[in-house]
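As a starting point, one isolated chain is supplied in structure tokens, in the form predicted alone.
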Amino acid sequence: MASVIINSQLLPEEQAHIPISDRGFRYGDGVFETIAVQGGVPYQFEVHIERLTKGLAALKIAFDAQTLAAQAKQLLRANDVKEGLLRIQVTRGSGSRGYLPEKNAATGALCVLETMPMPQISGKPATLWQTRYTKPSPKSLPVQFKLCQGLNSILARMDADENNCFDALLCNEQKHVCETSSGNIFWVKDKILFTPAIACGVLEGSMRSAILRLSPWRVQEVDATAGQMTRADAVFISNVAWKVLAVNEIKPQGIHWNSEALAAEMHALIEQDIASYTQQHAGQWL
């Protein structure tokens, strides 16, 4: 029987409830983090908490994220999670007049921690669908953070699925590549690693930060169209579940690559870093 934590209280999952007045439920008013757990240790936990804290500040939600490490440790032990995912979600809580939050709402923020199995990914190269949906501008929303309001990604992912593709490629209004519906994107050309610049409207992915830190190639963050990726030596995508996954085609353009070798090289570096991080932080978590 799995447990969850709601507002610091450990509960059996079937006893866990949130109020229907919660603004996360009503409006997607909140932020979340999904963290890979390996060997019982959440990989790059501090990176996720930093992004969560910045996301909360961007949404003007008052919450002390420094309490989360102890709660995460309690939940991972309660559910005996050695390999899987840890999800942390913080909403503004209850209290509003329509979209306008009530000032000094009595309930305060709502925080939920849960664990789940790591998704099973085949590891085969992915095919992406260039969706008709565009990534919202960072002038419209703080899209560099994991917002609970995820309709853009949901619709794009459904579009990809309807076209028998693994994931959707999202571009912005200027037709610059941003990311996929579920991860960041990279390409290698002449021993340079390219990835879309944050200013394009890109999620500041935790695995993205690890790849940029560990890259054996010189890194350039760029504004680029999908067409500019045509002559790349390899293309791959990343998130906490896939780590690094090769891309072999973007449809409907029919752009093709043989990305497995270079993607595997980057994947191996990530795995080594995860193993090192787990060893270094085991005393904190186990």
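Numbering starts at 1 and runs along the sequence shown. A quick note: this is a predicted structure, and the numbers were derived from the prediction, not measured.
What comes next is about the form predicted together with a further copy of the same chain, which is not displayed.
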property: Segment assignment from 187 to 195, 121 to 129, 67 to 75, 93 to 101: heavy atom within 4.5 Å of a further copy of the same chain in the predicted bound form; result: 93 to 101
property: a further copy of the same chain: the contacting residue among 81, 109, 178, 141 in the predicted bound form [heavy atom, 4.5 Å]; result: 141
property: is_contact(residue 277, a further copy of the same chain) in the predicted bound form, heavy atom dist at most 4.5 Å; result: no
property: Any non-hydrogen atom of residue 50 within 4.5 angstroms of a further copy of the same chain in the predicted bound form; result: no
property: a further copy of the same chain contact at residue 87 in the predicted bound form, heavy atom, 4.5 Å; result: yes
property: Residue 273, heavy atom within 4.5 angstroms of a further copy of the same chain in the predicted bound form; result: no
property: Heavy atom distance at most 4.5 Å to a further copy of the same chain in the predicted bound form, all of 22, 137 and 150; result: yes
property: Residues from 230 to 257 in contact with a further copy of the same chain (non-hydrogen atom within 4.5 Å) in the predicted bound form; result: none
